[in-house]
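In C-alpha cells, one chain follows: the form predicted alone.
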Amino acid sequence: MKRRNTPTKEAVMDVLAKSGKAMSQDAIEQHIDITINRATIYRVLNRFCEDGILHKVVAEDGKQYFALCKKCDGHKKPVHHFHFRCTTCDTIECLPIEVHFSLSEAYIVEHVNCVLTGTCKTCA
C-alpha cells in the first residue's frame, strides 16, 4: 500500500540519510528540526521497517536502533547481516557479512538480529 509523504516522514528520513548509520529514536529526535511528538516518530520508524525502508537492530542492552536498508533485495526484505556496536562512541553500523545458518525444515526464520559489540576502527 502506498503511504502518503508527510513532513514528519521527510524529517526522519533526512536525519537517517545524513547520518549514514543506525540511530536510536532519541538520537533521531535530537536531530530533527521540526517539533514532532515522540510517539509519532516511533510510529514512522516502525512503518518504515514494515515497508522495508529501514531495519531495526536491537542491541544487547535492549535499545533499538534504526538503519536504512542499503542491503535490501528487490522484494524490500533485508538481507540477513551482522551489525557492529561500538561501546566507545555508541554507533551501530551494518557489516558486509551475510549471516548463513541451517535449521531443520520445521523452522521458518523471519528475522535475524546479530550484533557484535566492541570498539570500532575509528575509536580503536
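Numbering starts at 1 and runs along the sequence shown. These numbers come from a predicted model, not from an experiment.
There is another form of this protein, the form predicted together with another copy of the chain, and it is not shown here; the text below is about that form.
In the predicted bound form, another copy of the chain stays beyond 4.5 Å of every heavy atom belonging to Tyr42. Using a 4.5 angstroms limit between non-hydrogen atoms, Asp33 is distant from another copy of the chain in the predicted bound form. Heavy atoms of Arg3 never reach within 4.5 Å of another copy of the chain in the predicted bound form, leaving it off the interface. Another copy of the chain in the predicted bound form is approached by Val112, whose closest heavy atom lies within 4.5 angstroms of it. Contacts between stretch 94 to 124 and another copy of the chain, counted in the predicted bound form as any heavy atom lying within 4.5 Å, involve Leu95, Ile97, Val99, His100, Phe101, Ser102, Leu103, Ala106, Tyr107, Ile108, Val109, Glu110, His111, Val112, Asn113, Cys114, Val115, Leu116, Thr117, Gly118, Thr119, Cys120, Lys121, Ala124, listed in sequence order.
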